[in-house]
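There is one chain below, alone, in structure tokens, taken in the form predicted on its own.
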Amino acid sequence: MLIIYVIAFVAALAGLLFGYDTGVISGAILFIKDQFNLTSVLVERVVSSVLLGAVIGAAFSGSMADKLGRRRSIVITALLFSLGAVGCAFSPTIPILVCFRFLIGLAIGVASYVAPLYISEISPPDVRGALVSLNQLMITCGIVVSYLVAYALTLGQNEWRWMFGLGAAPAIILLIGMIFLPESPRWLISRGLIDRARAVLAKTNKGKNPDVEIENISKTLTEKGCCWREVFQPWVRPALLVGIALAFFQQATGINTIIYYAPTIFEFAGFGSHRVAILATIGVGTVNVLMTIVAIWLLDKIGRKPLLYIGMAGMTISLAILGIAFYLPSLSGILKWIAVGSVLFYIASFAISLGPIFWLMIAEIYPLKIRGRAMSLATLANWGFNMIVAASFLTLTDKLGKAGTFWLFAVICVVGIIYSYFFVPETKGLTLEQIEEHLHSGKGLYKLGA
């Protein structure tokens, strides 16, 4: 069984790169802004360029994984991560930096879909949940690593270049590692490569007859042929809308404004230097990792909906307090500590709710026949909302003020709680077949698990 853990760990390095390249901009942008005298609009452009790439990458990830294979797709993303990191590090101008950030975004968009798909398809059923969750954990670890790197590199003149360039190291490790890993047996069987699939199953699913597994997979593949029209059938729409709605609430409640702009927020709040602001941000990343571990432990114990209620309620409270802190000038002396406490509470609340539950829910509620396409659509929506929020955050703070912006996010959290109560199903303890049968019945999806 050791081999399957090695395979999952290497593939999950794609998640580490996802997290690193998502979080590194939060520290780097402070120095890029100073060096190039960027306006708020240009700052948003540098930050959101990676998200535009992610949207496009996510849009093509499904067809790419089906045509080229899961393993080869991850190899390509590793190449893109490497080229993007080196290109950003040597960018002489903002337009060139934006282009290489876009390239990294393409890699993130593909990796966010293909890496967990590859891990799930190559893992034995009894450890699949834990190994797929490893990808989410590695994303949060990547964010923390990016914050630590940013803090360590705040003493030099061109520190932001090293922040980007160091991302090439794990990308190269991923590239080399994936070259030696096997392809997904499901994809091999879909291409008629039965002997290669049998060899992979014999290594990764010891104790079970590979031929029986091949027969089961072949039967499933026979049932999975579908077209886009089937994704939008009336009986599927409730699940499709839940996935897109959760993608909206995950992003529109402000999570990536915290990830991308945390040091900027702390400087707004009164931290006097880039280095101290980044140090405060390391606490944000650490809480994110720890609470993600807690969420993985709790999801199958107390359920998805209770965690959504608890988490979004905590997010609402922390955003409201953060807005009050920025609104009342009399709090200026303690504002930075209120900001730190509120952001940490917000991150903890997000990490046990919308953070993991969106990705888990879209893997559960879609019928097997259209799961790949429906998940791609939800992933695309997630990156689209991410890009819109990140590209508008500084503009919102200019128009609504810092307090008004955080209060807007808090209101969206409240709407998310209400939506979850009426429309999001509880899937704890149910098989995927039970969920699909409930959808076919035409009953309200929210009644699932009630």
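Quantities reported herein were computed from a predicted structural model and do not represent experimental measurements. One rule holds for the numbers: they count along the sequence shown, beginning at 1.
One more form of this protein, predicted together with ligand BGC, exists but is not displayed; see below.
- The candidate spot formed by 139, 256 and 359 is fully in contact with ligand BGC in the predicted complex: every one of the three has a heavy atom within 4.5 Å.
- Among heavy atoms of residue 386, some come within 4.5 Å of ligand BGC in the predicted complex.
- Although the partner is absent from this view, residue 160 stays clear of ligand BGC in the predicted complex, with no non-hydrogen atom inside 4.5 angstroms.
- Mapping the unseen interface onto this chain, residue 85 falls outside it, with no heavy atom inside 4.5 Å of ligand BGC in the predicted complex.
- Using a 4.5 Å cutoff between non-hydrogen atoms, residue 382 counts as a contact of ligand BGC in the predicted complex.
- Only one of 243, 355, 185, 116 lies close to ligand BGC in the predicted complex, with a heavy atom inside 4.5 Å, and it is 355.
- Scanning 349, 342, 73, 288 against ligand BGC in the predicted complex with a 4.5 Å heavy atom cut-off leaves one residue, 288.
- You can rule out all but one of 160 to 168, 243 to 251, 173 to 181, 188 to 196: in the predicted complex, only 243 to 251 has residues with a heavy atom within 4.5 Å of ligand BGC.
- Whereas the displayed form keeps them at a certain spacing, the CA atoms of residue 362 and residue 118 lie at least 3 angstroms closer in the predicted complex.
- If you compare C-alpha positions, residue 360 and residue 73 are 3 angstroms or more closer together in the predicted complex than in the form on display.
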